[in-house]
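First comes one chain, alone, set out as structure tokens in the form predicted on its own.
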Amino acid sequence: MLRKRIITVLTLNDGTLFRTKLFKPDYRYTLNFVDAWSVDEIAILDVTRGDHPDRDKFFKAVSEFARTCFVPISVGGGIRKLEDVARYMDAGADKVVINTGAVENPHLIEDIAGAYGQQCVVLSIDAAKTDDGYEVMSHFGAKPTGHDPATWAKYGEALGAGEIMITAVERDGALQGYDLGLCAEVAKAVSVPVQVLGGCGNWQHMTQAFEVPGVSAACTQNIYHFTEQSIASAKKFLAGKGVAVRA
């Protein structure tokens, strides 16, 4: 049985760690709050705005963090070509997370999978509610794409994405639980692992996410919870609910 994963998502704005709310930097943290031992994976995302953001601060932060991190790291933000991927890998990434770059050029997924392997590509999908269901959004959740999340996830898998990260735009920073309907739609559409993000406020929310068939990882940005003791508490809670988690 494949064990479920807990993933901490760190969002950096201009090289500084922030929690986000509705996809905007909301509250500043320091990396001292991050436990890089007990969590299963860490995703580090650059959310710096601007037409030509200076990512040097971000790469420096990733490189410094990776030196003392001993769990897999996914890194994303501003990926548009293979050269961007190479720089992330050099900074310490095990995987890359692509979002807007894949919307603008879907074959970027193929290019990355061909160069680094399918297991290195995480397709991030930000979805907003509409009158008819959900729509994929790009550019930090601000630009409608016309894509249906489940269809887009399936297409991304066909192009070579090894994992899908699905985020409910309205749930970002809300701490009121994941959008389980959205999670279920996307997980049902693909055979690759699905990570869910947006809305986690307690361990029960993780349990609910793992009850959705196909969901393999629960992500959260609420890093105040992520001390060694709280991760152990989360895993103990999940195991008590019958969820197979990593020790």
Partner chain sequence: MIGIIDYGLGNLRSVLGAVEKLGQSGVISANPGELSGCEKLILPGVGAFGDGMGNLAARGMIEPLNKLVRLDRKPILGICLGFQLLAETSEEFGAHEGLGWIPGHVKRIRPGTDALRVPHVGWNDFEKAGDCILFDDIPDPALFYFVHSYHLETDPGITVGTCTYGRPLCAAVQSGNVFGTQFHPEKSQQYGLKVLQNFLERA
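Positions refer to the first chain, counted from 1. Please read all numbers here as calculations on a predicted model, not as lab measurements.
Only in words, not in the display: the form predicted in complex with the partner chain, which the text now covers.
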Within 4.5 Å of the partner chain in the predicted complex, heavy atom basis, the matching stretch of 88-96, 171-179, 136-144, 123-131 is 88-96
Decide if the three candidate residues 41, 71 and 162 all line the partner chain in the predicted complex, where lining means a heavy atom within 4.5 Å. yes
My question is simply whether residue 67 lines the interface with the partner chain in the predicted complex - judged by any non-hydrogen atom within 4.5 Å. yes
So, residue 241 and the partner chain: in the predicted complex, are they within 4.5 Å at any heavy atom pair? no
Considering only heavy atoms, tell me if residue 191 and the partner chain come within 4.5 Å of each other in the predicted complex. yes
Residue-level contact is defined here as any heavy atom of the residue lying within 4.5 Å of the partner chain in the predicted complex; does residue 214 satisfy this criterion? yes
